[in-house]
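What follows is one chain in structure tokens, specifically the form predicted on its own.
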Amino acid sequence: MTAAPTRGEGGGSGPDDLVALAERVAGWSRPGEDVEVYVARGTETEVRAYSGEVESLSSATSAGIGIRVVVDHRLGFAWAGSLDEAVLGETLDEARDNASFATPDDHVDLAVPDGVPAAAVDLWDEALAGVPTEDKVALALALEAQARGADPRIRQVDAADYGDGAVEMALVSTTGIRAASRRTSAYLSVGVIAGDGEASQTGGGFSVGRGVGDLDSDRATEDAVSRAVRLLGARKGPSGRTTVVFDRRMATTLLSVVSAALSGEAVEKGRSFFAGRIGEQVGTAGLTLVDDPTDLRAYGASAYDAEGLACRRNVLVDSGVLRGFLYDTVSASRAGTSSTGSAVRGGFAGTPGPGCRALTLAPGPEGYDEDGVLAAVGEGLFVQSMTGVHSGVNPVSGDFSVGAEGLLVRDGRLAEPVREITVASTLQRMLQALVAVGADVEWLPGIAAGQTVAVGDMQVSGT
């Protein structure tokens, strides 16, 4: 079996009772069947402040089990939002029943240990559980007041939120997998409306971490206010072909779209513009893409993937050359290769599939932040928000066309704000036209890091 850390993921007392429960249920397997048991529990708190008062406060706990049964390459899955004793056996029986109706597939199987050791990844803030609810409320109220008074042009604070969560999980299978992990998270988020005459603009900012001590209300406020204020007076921008600089948040969105095309499952189904291109130059020499969930800075960091295999560093594009894709057990079997420890799932109610957890571009030179990228570009467009990403970007064909707003770049500096523009190209061309990558890596919520990125020769449609 792969050994779960006896003290949990990276330290502290781990969810040993969940491991014991999962082992007990897996022990109910019958001859000729393989069983995987995934159990999890969690808590979360959300506070929203508005106009100096608490608009909403919620606190919730959850627990559940997801079971996969494989018999003669037939897969059955069932889940339940409870860990009550009676529910456990019922869920296993339901998974067995579902397997009996499944179509046999020679590639369907559960993960087996592959010998890769799990990294020591500490994602747990012990102090979070001891923070009183009134302190969490105070954080949200203080954030709302701070944003409201940060600039005379701030007309309204849409909402100021505090949130946190703690999740523990264990996964045990009859194929020899045994894994356990736990994580905490906390965030501050604020949205503002800035005005000047009849013009108004919105902006949002946030701060994230593993616990309350990691949060920075000044940073969240400054980000929200600056993003709103600097767009006041925006007009429709000019049309033409130019270099587009994507700020860190927008770069995260771009990488998330590209990540869909790096899934081994998407490749196998013909839904990736990277299909059949292993070993080809798919980007500039400055393009290196790595998915590394063992990086402690990553919001999606993890010691184990969703099948209980150790997460690991996977180089997907190296100096512009496509080196590989991300696989779980089933997609790897179909591709005739091995899992890359990249299974992801949406908790106990979902089944695993391949995907990124912590995708990042190799950063540019040290100190090469947003200002450094702007100076290198000289003239162009700086994009700080995009609309229509889900409908205008296609990871299968690579087509890219989104609405955007931001500021013109002139002489290496931010100039007039612009809105009602469309930015278009294809993802294939964008990767080949990478002009600069910032060193200002910021790990944001989601599956990809943020950093300033400049892409040349994009079509901008405005006036």
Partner chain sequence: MIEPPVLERVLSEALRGGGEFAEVFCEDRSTSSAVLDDGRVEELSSGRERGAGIRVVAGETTGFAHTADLSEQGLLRAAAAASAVARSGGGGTRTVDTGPLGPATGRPGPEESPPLRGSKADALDLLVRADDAARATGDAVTQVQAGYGASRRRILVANSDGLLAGDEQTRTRLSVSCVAVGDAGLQTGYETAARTMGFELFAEVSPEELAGLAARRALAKLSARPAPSGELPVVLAGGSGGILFHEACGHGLEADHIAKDASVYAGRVGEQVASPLVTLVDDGTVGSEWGTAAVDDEGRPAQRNVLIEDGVLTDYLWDWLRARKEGRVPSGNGRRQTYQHLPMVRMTNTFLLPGPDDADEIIAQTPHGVYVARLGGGQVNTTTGDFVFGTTEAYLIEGGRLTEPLRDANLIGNGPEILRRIDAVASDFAMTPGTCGKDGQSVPVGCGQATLRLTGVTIGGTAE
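Keep in mind it's a predicted model, so treat the numbers as computed, not measured. Numbering follows the first chain given and starts at 1.
From this point on, the text means the form predicted together with its partner chain, which you will not see here.
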{"query": "59, 202 and 459 all contacting its partner chain in the predicted bound form, non-hydrogen atom within 4.5 Å", "finding": "yes"}
{"query": "Options 304-312, 95-103, 376-384, 317-325; stretch whose heavy atom lies within 4.5 Å of its partner chain in the predicted bound form", "finding": "95-103"}
{"query": "Exercise: residue 351 in contact with its partner chain in the predicted bound form, heavy atom 4.5 Å", "finding": "yes"}
{"query": "Contact flag, residue 402 vs its partner chain in the predicted bound form, heavy atom cut 4.5 Å", "finding": "yes"}
{"query": "Residue 388: touches its partner chain in the predicted bound form, heavy atom cutoff 4.5 angstroms", "finding": "yes"}
{"query": "4.5 angstroms heavy atom contact with its partner chain in the predicted bound form for residue 269", "finding": "yes"}
{"query": "Interface residue in the predicted bound form among 236, 297, 277, 219, criterion: non-hydrogen atom within 4.5 angstroms of its partner chain", "finding": "236"}
{"query": "Single option in 167, 215, 287, 78 placed near its partner chain in the predicted bound form, where near means a heavy atom within 4.5 Å", "finding": "78"}
{"query": "Neighbours of its partner chain in the predicted bound form among 408-434 [non-hydrogen atom within 4.5 angstroms]", "finding": "419, 420, 421, 422, 424, 425, 429"}
